Every structure is written in structure tokens, then in C-alpha cells.
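Take a look at this single chain in C-alpha cells; it is the form predicted alone.
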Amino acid sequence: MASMLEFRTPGFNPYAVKYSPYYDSRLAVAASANYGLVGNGRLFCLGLSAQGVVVEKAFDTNDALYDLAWSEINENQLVVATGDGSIKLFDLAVPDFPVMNFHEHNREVFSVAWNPVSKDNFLSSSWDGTVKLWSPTRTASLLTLPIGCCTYSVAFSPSNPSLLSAASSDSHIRLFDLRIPPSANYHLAATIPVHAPAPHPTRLGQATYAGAVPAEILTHDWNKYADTVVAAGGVDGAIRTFDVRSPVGGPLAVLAGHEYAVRRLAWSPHARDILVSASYDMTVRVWTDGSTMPVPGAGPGGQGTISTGAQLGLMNRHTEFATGVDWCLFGAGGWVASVGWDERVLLWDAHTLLRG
């Protein structure tokens, strides 16, 4: 079996893992006591050394941690999403306590995302049904976007600093363009009904795609190379990709294989058709969305047929819910970190480990 590095988080169940955008040897994990139901949280900042994975820094919080995002302007800073409705900014050079605290949400904050283009702001989404835009230098939010239902995932476009998206419990992804006047429905640009059928007959394999029963969307991510494509996953276990330029056009691809909910997914920063997903079925899977493969029976340009992509590999070493996954930005392009409720952080090379 291919090499795999492991780190344990005794007493804490991880919810999210993110590689540093600055160093190939640093990553961070947001974890919670008692599966995030009650108790405190801990942020682990980990480093890769000759002795394996070691703790560079750890910060304790009074409530559970559900997500984290590295700063794009300071290599030592990162924000965490907490169960008490606050967002905390930690600095690795400052011991014990956060350097900033942002607290406007009145329910659990479940997702945070730093702007990769302008780099001077970040987003949060909450179970209170709102998305907020923040500056790391101000305690008051810059903007509040009403969603109206539990919002599990928020993200920025990888190429447009004004375009952002939110995935919610009502089976929709909402796209907001901050260049649109706020009077136009709070900057709302488009809404993608994730489980709705395509407006015209479309084939998925040998059958006509009829959509699916609406279900909660727990995670989504933008393709780093095809910057109009987003992927979404959730309670029904399927991953779907969409072109934001055609929000009601139906999915580009439907990737089926997970037996339970998809908790986290991430497009590869190295290849336009590859993504990885973590699921409550305790597996982490690597996929191609099929965009680089011919679609059998499709018309010109692939019209009329939804791709089913292909599962490239499966990693089943977690023994509890797999809750987080991320790609290393550096190196040959195959290193992945995954975390689960089994109190484990696993680092592995998708090129050598995942085989069918």
C-alpha cells in the first residue's frame, strides 16, 4: 500500500482540513469535542517534519469549530467558524487567544472562505440563514446577504472577486454579484435549483434525466480552471456540476457512488476535470467529471447528454464519517488531506493510493 501519514486528534472530532496556500508542509484542522454537539473546539496547526506530522500550534475555543480558511494576505493567520455564531482570527505568532473576533451571526457558523482574488475580505455562512462579508481589520461586517434558510457552504469565484456563491438546505445554490446594485434583490445574480430536471429532455446514461427529490446541499466548490463551473454535493449522496452561465439548464455531470451524504468536496488545483469528495459513508473518493472524455450519444458539443464522469479511486481508511478534504497546492499534484470523526488526519498521495 502507498505511504500514508497520520495524525490523531484525541478528544476532538475534526470537521475541516485546509492546506496552507503558502507552504507545502503546513496545514490546519478545525475540530470539536463530542462530535460538535456540545463542548469546546480546537484548532490544530500542523507541520510535516522528519518525524512525521507534528503540532506547530494549537488554539482552544469555547465552542465547537466547523470550518477554517487561511488568510490570503498573511501566512500566519487563519479564521475559524464556531458554534456560538462567532468567527475568530488567529495568528500563529500570537499565543492562546484570537487577534480578532467577529460576532454578528446568531446561530452556528458553518462555513468560511477567503477571497482568493482581492485577498482583502472573507465570507461566512450560518445556520441563521445569512451570508456575511468581512474585512480582517474590522469587527463589523461589510455586508449581509439574506438567504432565508440554513446555509452550509459559501465560496468565492476563483477569478472574480465580486462573484460569490452559497449552498443551502433548500436545494439551491445562489450566486451573488457585488457589482449589482443591492436594490436588485441584495446583489442576487442567479439561483441554481440543484435537483430540478433540465428544461429540455436530457439523457443520463440510458435514461432521461428527470431530476431528483430536493435535498440539502452541504458543500460546493468552484472549478479552478473552468471558472464558470461549480460542483455541489449533499444529503442525497450524488455530486452534480453546473455551468453558472446556465443556472436552470440542468447539471453538466452527475457523479454517483457515495452511499450517504457528501459532506465536503474540492476541485483539484492541478487538473480541470478532477475533484475529491468526503462522505458520511466513511470514504473519500477521487473523480473525473467527464469533461475531458467523449460523451456517448451526445450531439454537437456534448448537447443533450449529462456526463456520468468516472470514479478514479476510493480511500476507505477512515472508520467514522469523513468530514473534510483538501488538496495540497504544491508538488506533483496528488497529495490530499482528509479528516473524519474518527479523530484522525490522513495525508496521502492520490496518484499511488487510489486505484479503483
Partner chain sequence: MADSLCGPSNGAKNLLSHADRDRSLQQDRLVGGANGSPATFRSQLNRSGADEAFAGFQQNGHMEPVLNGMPAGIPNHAFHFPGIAAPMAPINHPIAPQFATHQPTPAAHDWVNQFAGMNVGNKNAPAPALAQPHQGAQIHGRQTNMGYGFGQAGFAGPFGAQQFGMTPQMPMHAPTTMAYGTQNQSFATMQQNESALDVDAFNKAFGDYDDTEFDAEIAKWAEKEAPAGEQVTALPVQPVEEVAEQQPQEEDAAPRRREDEELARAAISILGSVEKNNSEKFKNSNFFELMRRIGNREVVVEGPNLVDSTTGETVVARSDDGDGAEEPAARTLGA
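Positions refer to the first chain, counted from 1. What you see is a predicted model; the values in this text were computed from it and never measured.
Keep in mind that the form predicted in complex with its partner chain is missing from the display, and what follows is about it.
Exercise for the section: Tell me the stretch among 223-231, 67-75, 94-102, 80-88 that has any heavy atom within 4.5 angstroms of its partner chain in the model of the complex. Expected result: Heavy atoms within 4.5 Å of its partner chain in the model of the complex occur in 80-88.
Problem - Heavy atom within 4.5 Å of its partner chain in the model of the complex - the one residue of 130, 202, 121, 268 that qualifies - result: Looking at 130, 202, 121, 268 one by one, just 130 meets the 4.5 Å heavy-atom criterion.
Practice task
Flag this candidate site as yes only if 8, 149 and 195 all have a heavy atom within 4.5 Å of its partner chain in the model of the complex; otherwise mark no.
Solution key: All three within 4.5 Å in the model of the complex.
Handout entry: Partner proximity in the model of the complex: residue 35 to its partner chain, non-hydrogen atom cutoff 4.5 Å
Key = Residue 35: yes, in contact with its partner chain in the model of the complex.
Exercise for the section: Indicate whether its partner chain has at least one heavy atom within 4.5 Å of a heavy atom of residue 56 in the model of the complex. Expected result: Result no; residue 56 lies far from its partner chain in the model of the complex.
Handout entry: Contact test in the model of the complex: residue 261 vs its partner chain, heavy atoms, 4.5 Å
Key = Contact with its partner chain, yes.
Exercise for the section: Decide whether residue 106 counts as a contact residue for its partner chain in the model of the complex under a heavy atom distance cut-off of 4.5 Å. Expected result: Yes, contact at 4.5 Å.
Practice task
Scan 196-235 and note down the residues that get a heavy atom within 4.5 Å of its partner chain in the model of the complex; none is a fine answer too.
Solution key: Contacting residues: 196, 197, 199, 210, 213, 214, 215, 216, 218, 235.
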